[in-house]
Each structure stands twice: as structure tokens, then as C-alpha cells.
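Take a look at this one chain, the form predicted on its own, written out in C-alpha cells.
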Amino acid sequence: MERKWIKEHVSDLAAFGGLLLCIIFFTITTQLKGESIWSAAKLSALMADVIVTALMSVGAVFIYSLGNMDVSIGKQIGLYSTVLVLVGNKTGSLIPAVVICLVIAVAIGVINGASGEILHMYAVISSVVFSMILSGVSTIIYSNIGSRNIALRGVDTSCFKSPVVMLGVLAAETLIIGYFFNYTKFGKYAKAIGANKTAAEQCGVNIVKYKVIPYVFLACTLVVASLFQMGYTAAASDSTGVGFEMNVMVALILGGMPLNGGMKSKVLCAIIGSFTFALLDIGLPIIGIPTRLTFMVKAVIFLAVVLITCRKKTGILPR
């Protein structure tokens, strides 16, 4: 019985074990270096590192439960951060900017969610197209501005730097997404589609509708993440958001999220993975690993986790 339970929960155990191992390892090694990772300054940096990745990852759980991924996440964060600054400077308030970003995000989410099913192609293709389109839009905006970065003026963003606010917003988003994901048909149908799309369709699930809704949830969380991304520095640039889609993927996999989605998908994967990812991001440079090498270390860890947790009888990866 115990062996069966362990086999069924190997991903969860690996995720919790990885986080615990990182906590113990970096607590000891950073102390030996004379610079504790739990100092006030490092905790502040840790929260700043965690918050954006965690907010994005919590929303992305819906997408990954379908067995899909969205590679336009980084470009969307870059666009929304830019819109927040530009509109904030024009109006002196972030509220109109948030509304505009939500409209854009939901529109992109609906197209990303529906196009794959309607056009009979992998959903990731439409997100690749949007990634290129948004990259072009960003280039045009910053070319017209004549600068690679813009600062927010006249709007107080100090709340976005508060660890209490960060944790509060993350907890609220996790509870909301967790409720919809675990206790409503939106999450149950998303997991059912990821587990077996044909079976879900034969059971009467509207595939297009219940593929679009997860992308709408993601859209809302990306706008929230953009607020904290922009608010922490009170600025945006043409490089804002670069690589964020990979950060989300790595965080979710480190948290135990199955790449093929389905019933084993959990919101908790996003939280565990985001904190593990942030600990690696903050801790590796402290113990003396050059920044350029931290990417290689994280890549090796990511590959090891994928090989351990994502094996299937038919091959290494689900696709």
C-alpha cells in the first residue's frame, strides 16, 4: 500500500524534496560564505524574484493541465508593463491602464484558446504567432519613443515592493485560481481534456469553450504579474519579460507539474516550483557560481527533474 502511494505521488515528493533540499543547502552554504540567504535584504530580493514567476505560474496551471503551453507569456508581460507605464504617465493613474491591459489580455487569451481547436493545430502555434506580433509591437513602440526604457512618473508604486502586499496578492490569487481549478467544472474539464480529449468530448464537454476559459484565467493573472513586474522598478523596457515563458515552464516542472497535463495537475505545483526556482536564482550567485553559469546549473536540474517525473511507458516525454 505504501509503495503504491509513493509511486502515485512521486512527482509531489520530488517537488517537496527539491524545495526542502534547496532550503537546507543554501542555508548552510550561504552561512559558510558569511552572507545568509535569509537576511532581510536577500529575503526582499527573494520575494521580488518569486512574486512575478509565481503569479504567472499559478495562472499557467490551467493551460498546462490541458497539455498546452503558451510561449507568448514573456512578450505579453513586456507589452502590459509598457502600457501600464505609458497610460499611467498620461492619466496619472494605473486603473485605466489595467483595464486596457485586461481587454488586450483577454482578447489574446480567447484567440490562443480557440484557434488551436478551430483551425485543428497545436495551440502553441498561435502563441508563437502572438509572440512574434507582440515583439514587433514592442519594437515599434520603443522606436517611436526613441529610448529602450521608460520610467513611470507621478504614480506611487511603493505598495508593489511590500513583501506583505506581495504575499497577500499571491495568496489571494492562489486561493481564487485554486477554487476554480479544484472545485468547479472549469478546472475539472480542463484536466479531463488534458487527460483524454476524445473521452472528454464524447462525454459532452465543449472543447473550444473549456480550452478558451483557461487562457482567460491566465490572461488575468498575467496582468496582475505585470503590475508587480513594472511596479517594482516603476519602469518598463523593450527587454521586459524576455524569457519569462521559460521561467514559468521550469517553475512548474520543478513543482511537479506533468508536461502532458491531466488529473495530476495541481496549483500547488506553481507555488513550490516558483520558490524553488527563486532560491536557485538568488542562492547560486551567493555561493560563488558566476551568473552566466547559473543558467546551465538550472538547465541541468530541470532536465533531471523532467527525466525523473515525466517518463512514460511509450517514451521519455509525453509528446
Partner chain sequence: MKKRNSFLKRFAAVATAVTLAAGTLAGCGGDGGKEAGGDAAGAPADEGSTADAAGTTADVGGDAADASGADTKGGKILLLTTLNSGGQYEFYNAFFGNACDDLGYDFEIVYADTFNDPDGNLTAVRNSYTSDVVGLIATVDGGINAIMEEYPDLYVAGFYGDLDAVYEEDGVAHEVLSNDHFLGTMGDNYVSGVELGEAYAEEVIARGYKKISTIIFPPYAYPKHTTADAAFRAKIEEYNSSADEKIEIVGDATVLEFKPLDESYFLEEGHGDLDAIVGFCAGISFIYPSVVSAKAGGTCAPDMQLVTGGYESEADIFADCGDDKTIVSITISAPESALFPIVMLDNAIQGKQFADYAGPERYTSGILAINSTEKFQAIMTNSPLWETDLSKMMISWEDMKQYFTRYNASATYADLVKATTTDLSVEGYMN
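Definition used throughout: the rigid core is the maximal C-alpha set that superposes within 1.5 Å between two forms. Just so we're clear, the structure is a prediction, and the values are computed from it rather than from any experiment. Positions refer to the first chain, counted from 1.
Here the subject shifts to the form predicted in complex with its partner chain, a form of this protein not shown in this document.
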Margin query: Within 4.5 Å, heavy atoms only, one stretch in 171 to 179, 102 to 110, 227 to 235, 214 to 222 touches its partner chain in the model of the complex. Which?
Written below: 227 to 235
Item checked: Selected contact from Ser162, Ser93, Asn196, Asn149, since only one has a non-hydrogen atom within 4.5 angstroms of its partner chain in the model of the complex -> Asn149
Note to self: Since the partner isn't included here, can you check whether its partner chain sits close to all of Phe16, Lys264 and Leu268 in the model of the complex (heavy atom within 4.5 Å for each)?
What the structure shows: no
Item checked: Partner proximity in the model of the complex: Leu293 to its partner chain, non-hydrogen atom cutoff 4.5 Å -> yes
Check: Using heavy atoms and a 4.5 Å limit, would one call Arg153 a contact residue for its partner chain in the model of the complex?
Finding: yes
Next item on the list: Determine whether any heavy atom of Thr240 comes within 4.5 Å of a heavy atom of its partner chain in the model of the complex, and answer yes or no.
Entry: yes
Next item on the list: Using a 4.5 Å heavy atom cut-off, state whether Ile24 contacts its partner chain in the model of the complex.
Entry: no
Notebook entry, point to check: What residues of 40 to 64, in sequence order, lie within 4.5 Å of its partner chain in the model of the complex by heavy atom?
Noted result: Lys42, Ala45, Ala48, Asp49
Margin query: Using the rigid core as the reference frame, would you say Ile37 shifts its C-alpha by 2 Å or more between this form and the one not shown?
Written below: yes
Next item on the list: For Ile286, decide whether the Cα shift between this form and the one not shown is 2 Å or greater, given a superposition on the rigid core.
Entry: yes
